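Just one chain follows, in the form predicted alone, and it is written as C-alpha cells.
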C-alpha cells in the first residue's frame, strides 16, 4: 500500500510525473500508438516482462498513461492503478475479472451500474444479489454462498446513504470475498476506502477527478496482485483511454484538493439553508447533524462532499417546474465539474429503473440532486430560493 510521507496536495501535484528531457514541469502527452526498439532483444525484454518499458498504447504501455496511473495509485493509497475509458468500463472489467462466482451490490448505485449488473452480468450466469441498506442482516448468508465480490457506493447516488466500510470489509474478508468501494462522490480528499479495509477503489474519473466536465475516464486502484488480474480484461476489451485524456486527467488531479474543499464548504452552507426552507421536505447531505448517517460519516470521512439531494413537498410535476426555473444551476446528468448542476434522478440517473424498483429504493419524483460547483454559495442559495417560488 502506498503511504507517502507527503500530504495529499503534494502528491496530487508531483507523484507519477516523469522527468522530461526538454524541461517540461509535467509529463508530456505521448500521442503515439506504438513505440520502437533498437533491437529484437530490447523488444522481447518488454514484451516478456523482464524490463519496464513502453510498447503499445492499447495495452497501457504508454508514458502518459503510466504517469497518470502512478498518480492515481498514490492519491488513493494503492500499490497500483488502471486507467479506463470510463467509470463503467472500469466496473465492467472489475466484475468480469474478479466477480465470476457472484457479486453482492449493497445500497443504491448509479443506474448504469445497476443495469450492468442486472442485465449484462446476470446474462453470463454470474449470480448477482442486491441488498438495500436495511437488508444488511442478509449479507452473511449471501457471503456464505461463496460470492467473490461485495460492491458499494458510499455516499450513495442519489440519497447519500453512508455505509461502514471497515465493518463491511471485515465481514467480506471473513468469508473470503473482496470489498470494492466506488469513491466517486467522496473523492480521495474526503475518504480513503483502502485505509479503512477495502480491497479496491473505483472511480468515474469523469466526475470530481476530472473536475471540468471535459473528459470521460475511469479508474481502478488497489493492490498490485488484484490490479494485475483486471489488466488483461481492460486490454482485450479495448477499454483504454487516449493519451490526451490521460494528460488532461493528470492536469485536473493537480488541483483536486482545493477544488473539492471549496465544493465541500459551499455544499455545507447550501444544505443548511435548504434545511430551513418551508417548501423543502428534507435535505439529504451527510454534513447535516440530523442526517441518518452523519455520525458514521464523521468517523470515516474528512469532508462531506459537494453532492446533495433535496426532496420537495411537491409532486414530480411541481419538482420539474422548480428544476426548469433555475438560472445558475443547469440541468444535466453528470457531476463534479466547475459549474453547478441539477437533475431529477427519475429523469436521468435512475430513469431506466422500473417504477416499483425506484419506489423500493426510495427514489421519488420529488427529488432534485445537486452537484455544487465553484460559484459563490450565496448566489446558488438565491437561485434555489427563487426557483422554489414556482411552487
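Positions refer to the first chain, counted from 1. Worth saying up front: this structure is predicted, and the values here are computed from it rather than measured.
Same protein, other form: the form predicted in complex with a small molecule, not shown, and the subject of what follows.
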Exercise for the section: Evaluate residue 171 for contact with the small molecule in the predicted complex, applying a 4.5 angstroms cut-off between non-hydrogen atoms, and reply yes or no. Expected result: no
Problem - Proximity of residue 291 to the small molecule in the predicted complex, heavy atoms at 4.5 Å - result: no
Problem - residue 335, heavy atom within 4.5 angstroms of the small molecule in the predicted complex - result: yes
Handout entry: 4.5 Å heavy atom contact, residue 187 to the small molecule in the predicted complex
Key = no
Practice task
Considering the small molecule in the predicted complex, find the one stretch among 281-289, 82-90, 225-233, 314-322 with heavy atoms no farther than 4.5 Å from it.
Solution key: 82-90
Problem - Residue among 130, 163, 77, 110 with a heavy atom within 4.5 Å of the small molecule in the predicted complex - result: 110
Handout entry: Proximity to the small molecule in the predicted complex, single hit among 201, 106, 217, 310 (heavy atom within 4.5 Å)
Key = 217
